[in-house]
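So this one's two forms of a single chain, laid out as structure tokens and tagged structure 1 and structure 2.
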Structure 1
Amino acid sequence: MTVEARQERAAAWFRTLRDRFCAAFEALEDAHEGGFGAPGRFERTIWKRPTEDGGDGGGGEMSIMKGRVFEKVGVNFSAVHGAFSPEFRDRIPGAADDPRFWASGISVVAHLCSPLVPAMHMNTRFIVTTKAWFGGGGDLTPIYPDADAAARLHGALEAACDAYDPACYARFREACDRYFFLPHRDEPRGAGGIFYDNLGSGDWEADFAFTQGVGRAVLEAYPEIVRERMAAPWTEEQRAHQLVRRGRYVEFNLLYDRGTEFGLRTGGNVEAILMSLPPMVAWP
């Protein structure tokens, strides 16, 4: 199979997964009878990435919904190509001698109206330079400790890992705990999940199937976590605590998140890159 065929297959999967997440989240909006206002619906915005010479550098679609379950949820797809800047190319595998790249992926970030429903992040991607690899993962950020929700997501991700390599779950879980950590506060961002990068085992079909499995695992587990908690009553005190905890999310994404840096340094759409930020936040 050619590299171009692999790129087409990966991008098609990321679009399909985007559509499935959007449908699942809109179904939750419809099911929440106690919410205020009409059920939310995703609004899609197409964006283009121009190259330095004004050519076509690909682009993406930003899907954002604000509703009665999801205060803000973004499900974004992108497929971009171009060349890394001289100051950035040495940090990317396979780009030191040839800065050209192609990258496609999906990013999902959900911030809920209820402080009793955990926030969630998931992204998977396929990147091609002179090398090619997959990366991504998913994690949960409860406002209040929620052992059942954490176990549900971890269980789904572990099953996806077991289908690929039974030894990789512990490694990817530890990588997630290490990555989603705020050094300046000496605390984790949330309840963890898995994180992997530079996944190119030599068996592209297996690596691709695993990346698909990660997406399916989160899609299977997270909507049920939301459904079981979205109608529970909450207080203004809990809401105030939610806004403070969201501040940790903002701090991580602006200070440490590699995806944020990658997107900004490769000419990505700023609004799509920063869609992960919550709509309201507070610091004590």
Structure 2
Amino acid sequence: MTVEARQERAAAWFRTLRDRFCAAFEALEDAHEGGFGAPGRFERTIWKRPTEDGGDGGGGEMSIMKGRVFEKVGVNFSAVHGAFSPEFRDRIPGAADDPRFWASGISVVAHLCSPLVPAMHMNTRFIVTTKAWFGGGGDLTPIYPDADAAARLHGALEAACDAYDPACYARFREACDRYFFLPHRDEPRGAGGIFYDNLGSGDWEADFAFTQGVGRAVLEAYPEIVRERMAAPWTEEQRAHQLVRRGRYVEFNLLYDRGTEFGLRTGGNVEAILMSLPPMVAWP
């Protein structure tokens, strides 16, 4: 199979997964009958990426919903191509000699109205330079410790890992714990999940199936976590705590997240990159 065919299949999957996440989240908005206001619906914004010389560099589709379950949830799909600027060529596998790249991915970030429902982040991507690899992961950020939710997301991700390589879950889980960590506060961002990058085993079909499996695992586990918790009443005090915890989320994303830094420094779409930031945050 040509690399172009692989790109087409990967991008088509990310779009399909995007549609499924949006449908699952809108269904939760409908199901939350005690909710305040009408059920939320995604609004989609298309953006184009001009290449460095003003040509067609692809673009993306940003889907954002502000609802009665999801205070703000974004589901971004993108498929872009171009050439890395000199400062990035040495940092990207396979880009030192030929700076051209192609990249497609999906990114999901959910911030909930209820402080009793964990926030969630999932991102998977396929990147092609003179090399080609998958990367991504999924992780949970409960406002209050939630062992049940963490165990269920971890269980789903572990199953997806085991179907690919029984040794990889422990490694990807540890990579997630290491990555989503705030050194200045000596605390993790959340309850972990998995994180992987530069995945190019030589068996593209297996790597692609794994990446699909990660998306499916989060899609199966997370909406159920939300559904079971979204109707529970919460207090003003819990809401205030949620806004403070969200501050940690912002600190991580702006101080440490490599994807955010990379996106902002390579002229990515600012609104799509910063879609991850919570709708309301406090540093009291």
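Please note that residue numbering is based on structure 1, beginning with 1 at the start of its sequence. The model shown is predicted, which means the values in this text are computed figures rather than measured ones. For the two forms, the rigid core is made up of the largest set of C-alpha atoms that agree within 1.5 Å on superposition.
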property	result
Of the two forms shown alone, the one predicted in complex with a further copy of the same chain	2
Exceeds or equals 2 Å, Cα of Arg15 between structures 1 and 2, core fit	no
Core superposition result - C-alpha of Arg265, shift between structures 1 and 2, Å	2.9
